[in-house]
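Two forms, one protein chain; structure tokens for each follow separately as structure 1 and structure 2.
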Structure 1
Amino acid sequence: MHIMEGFLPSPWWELWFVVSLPLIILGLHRLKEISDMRRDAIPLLAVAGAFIFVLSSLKLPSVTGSCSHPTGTGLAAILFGPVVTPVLCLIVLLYQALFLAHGGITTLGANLFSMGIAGPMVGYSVYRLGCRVGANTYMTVFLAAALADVGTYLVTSAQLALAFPAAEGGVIASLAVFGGIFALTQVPLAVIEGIVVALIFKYIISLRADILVKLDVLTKGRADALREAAE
């Protein structure tokens, strides 16, 4: 979903910077709280950031001016919420834009909003809803990661449609075209990403379930039950 450098016209690229900035400010504040109060969670935070970097670097050709790839943000959203995840994505997107020619600086705000804000919010909401209704934890994690991925690409499709409305049918017609092209590659990638994240989550439970309890990702009772089932 990385929109390439210079592809979005004004005022759209500026708008996405303005929209994304408040979440980055909140995220930096929350990140400081975690580093001060949950220092044992810092290695897990680094793993979540590295996961985003690796998966989002695996790009496939797709829509002109953009691409398809897993996002990796579902794991961070589940573990640290939709406020910290944008900061991790900002670091990843800046590095990719500067050193990998993946994305761009002028399109950084748009890419951050779709991958770092909108997608993680979807994933976090799905995970919390699944926990609230008592759904299977691993299925919930799978759906959260997969739908965070799909949500990212729906927003990217909307961003491109708003900037480049079709001559006939306007934004809606353009959205259908962009979304349809993305779906060919993104739906299978989302399913694969959901499976991978569920497996990683299971591994984290077996290794350090106590951190998940401290981060309020799982209740202690649920964490103990999952760990016993995994043994």
Structure 2
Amino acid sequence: MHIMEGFLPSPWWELWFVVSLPLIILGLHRLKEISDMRRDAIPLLAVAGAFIFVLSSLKLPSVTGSCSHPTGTGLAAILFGPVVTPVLCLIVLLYQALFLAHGGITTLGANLFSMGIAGPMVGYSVYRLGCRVGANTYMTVFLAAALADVGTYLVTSAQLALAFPAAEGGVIASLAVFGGIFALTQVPLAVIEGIVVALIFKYIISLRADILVKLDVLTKGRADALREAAE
């Protein structure tokens, strides 16, 4: 969910840049490490970035009738981890702002924090947790993608609530109003994106499970087992 250009007043949009900055620096540092270590990293990450961009511009079928777009952040976090994903999201958000007038430049910091940092962290943690306790892989992917979306939407609501606190009840009351309004569209969207990402995961496993093994998303044994189960 993008906060549009100009929506956040000073000093809130500056604040979100400051908050996101350390994680971007960390991500850039990691990017340099990866590209020094493995020459093939940059082209493949570029494919990943383009994939997030295209995925997030697909129109999802929506139950409420309105069109919704997936964020793709859950899938990105599962595939590339929470350190590199913010860098990919930064590029994607920049392009969305300049290609499609989606989101904005002053709100880039806030959007980056909700979609590139908070959402992916939730998604990645859920995925790793699910793998550790040995839950069903597809269920885990569904939960990771859906909760990454819910996390993003809650953070966005909080960002709006902080910038526009209620006269009575302050930030909490404001959060309830913004959260309530956006829940109508964002919760169904999260469930649909969860289903779609789980299915994407399933198709990738049945066709090119080696990619997932290479990215360290699945162990070799787990991938083989899932592949056999699918056949």
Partner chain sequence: MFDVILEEYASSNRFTERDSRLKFTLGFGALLLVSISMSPLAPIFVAISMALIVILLAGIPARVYLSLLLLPSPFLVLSIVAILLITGGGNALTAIHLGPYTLHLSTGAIVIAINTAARILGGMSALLFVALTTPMVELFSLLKSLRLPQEFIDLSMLVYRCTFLMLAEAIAIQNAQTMRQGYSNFRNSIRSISLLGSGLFIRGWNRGEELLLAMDSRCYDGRFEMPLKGKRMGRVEISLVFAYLVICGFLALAPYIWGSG
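Basically, rigid core = biggest C-alpha set you can superpose within 1.5 Å across the two forms. Residue 1 is the first residue of structure 1, and the numbers go on in sequence order from there. Bear in mind that the values here come from a model prediction, so they are computed numbers and not experimental data.
Trainee: Assuming the other structure does not fit, state which one is the form predicted in complex with its partner chain.
Mentor: Note: form predicted in complex with its partner chain is structure 2; the other is not.
Trainee: Can we say the CA of L162 moves by at least 2 Å between structure 1 and structure 2 when the core is superposed?
Mentor: Superposed on the core, L162 moves its C-alpha less than 2 Å between structure 1 and structure 2.
Trainee: In Å, how large is the C-alpha displacement of S35 between structure 1 and structure 2 after the rigid core is aligned?
Mentor: With the cores aligned, its C-alpha sits 4.7 Å away.
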